[in-house]
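First, one chain by itself: the form predicted on its own, in structure tokens.
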Amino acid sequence: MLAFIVRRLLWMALVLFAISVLVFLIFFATPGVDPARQMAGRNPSAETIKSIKHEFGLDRSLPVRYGLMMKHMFITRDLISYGSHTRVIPEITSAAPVTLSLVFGAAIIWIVFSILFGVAAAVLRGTVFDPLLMILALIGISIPVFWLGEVVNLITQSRLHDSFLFSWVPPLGYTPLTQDPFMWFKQLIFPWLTLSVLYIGFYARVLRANLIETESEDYIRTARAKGLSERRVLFRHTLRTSMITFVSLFGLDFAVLVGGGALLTEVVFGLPGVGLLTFNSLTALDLPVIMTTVIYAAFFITLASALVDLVYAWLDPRVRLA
């Protein structure tokens, strides 16, 4: 198992290095792109551009420029945004807790309810509850996040805000957990629910299909033949094997959301997270911010992929030999 973990961590480091090189070449080595001119602001003088090129090593060879860029990004942490002319890393570190708070809360909700709905639909297969649960899941998958968020805001912030049901709902925005935990929770409860609806429906359908497929395996029939109870067969054997696909999907979806995929939810609920920061930098063509957020997203995706492999190895020991 230790050798398996070491291989996966080395592969993760190699992938991150390759992505950082590729992103650097796209943003800072493309013909016609002059980062120094963009960093210098409007109507810069030739001396100013020359000074910036020398300071950031933009007048040197590509390998040296790449090394200096990684140094400014991760060691000295003084990479400057073209738009706001502030340091990029502090911008991301201030936005990351917002996105992490949003995604972690939503992930807990969608994991719990998708497992409940998926297992219930599989166990109640052949009854009226099975298609009813799957119809509800399909509705959840079909509802756009931005539309659902706007409806939630319309109800909780406008139409019914003065009623006893929603009078406790605070204005849109974000309060740090360390500043006021209760306000943090109140401002995020509806964004959590909104973001999780899509994933509850999708994961419940995937889990139900895997549970039904696994029930026909030989080892499940063997477990029943040994006299194990249906509950033990379900939770000890059927569910554990069926969770492999579930874990794979969750790892990648979670990483994408942390990397900025929760943009629509952040915009609708006024949450200043990484998704909103990335969107603003794309509209302003702010290359340092774009490059840093891309590497930030790549880190979480590769980390999630490595963790998924480790969970695979725990759920199915045969994976460790791959």
Partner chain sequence: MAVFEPEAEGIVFDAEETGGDIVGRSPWALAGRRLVRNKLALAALALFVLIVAVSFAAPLYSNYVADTDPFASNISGTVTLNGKTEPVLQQGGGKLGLGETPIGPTWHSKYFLGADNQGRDVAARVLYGGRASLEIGIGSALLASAIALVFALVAGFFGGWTDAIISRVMDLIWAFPLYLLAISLATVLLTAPNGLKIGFIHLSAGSLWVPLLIIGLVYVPYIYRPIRGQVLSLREKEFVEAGIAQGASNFRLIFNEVLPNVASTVIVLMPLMIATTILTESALSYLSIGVQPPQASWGTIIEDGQSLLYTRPWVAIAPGIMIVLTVLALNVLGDGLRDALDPRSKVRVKG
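Numbering follows the first chain given and starts at 1. Just so we're clear, the structure is a prediction, and the values are computed from it rather than from any experiment.
Although it is not shown, the form predicted in complex with its partner chain is what the next lines describe.
*Asks:* Which one of these stretches, 103-111, 179-187, 67-75, 131-139, sits within 4.5 Å of its partner chain in the predicted bound form when only heavy atoms are counted?
*Replies:* Selected range: 131-139.
*Asks:* Taking its partner chain as it sits in the predicted bound form, is L154 in contact with it (heavy atom to heavy atom, 4.5 Å or less)?
*Replies:* Contact check for L154: yes, within 4.5 Å of its partner chain in the predicted bound form.
*Asks:* Look up in the predicted bound form whether A297 has a non-hydrogen atom within 4.5 angstroms of its partner chain, and give yes or no.
*Replies:* Within the cut-off, so yes.
*Asks:* Report yes if any heavy atom of S216 sits within 4.5 Å of a heavy atom of its partner chain in the predicted bound form; otherwise report no.
*Replies:* The answer is yes: S216 has a heavy atom within 4.5 Å of its partner chain.
*Asks:* With the partner left out here, check for me: in the predicted bound form, does some heavy atom of G173 sit within 4.5 Å of its partner chain?
*Replies:* Residue-level check for G173: no, no contact with its partner chain.
*Asks:* Its partner chain isn't shown here, but in the predicted bound form which of V247, I92, L160, A209 has a heavy atom within 4.5 Å of it?
*Replies:* Contact residue from the list: A209.
*Asks:* Going by its partner chain in the predicted bound form, which residues of 250-284 come within 4.5 Å of it through any heavy atom?
*Replies:* If the 4.5 Å heavy-atom criterion is applied to its partner chain in the predicted bound form, 250-284 yields V256, G259, G260, G261, L263, L264, V267, V268, T278, F279, L282, T283.
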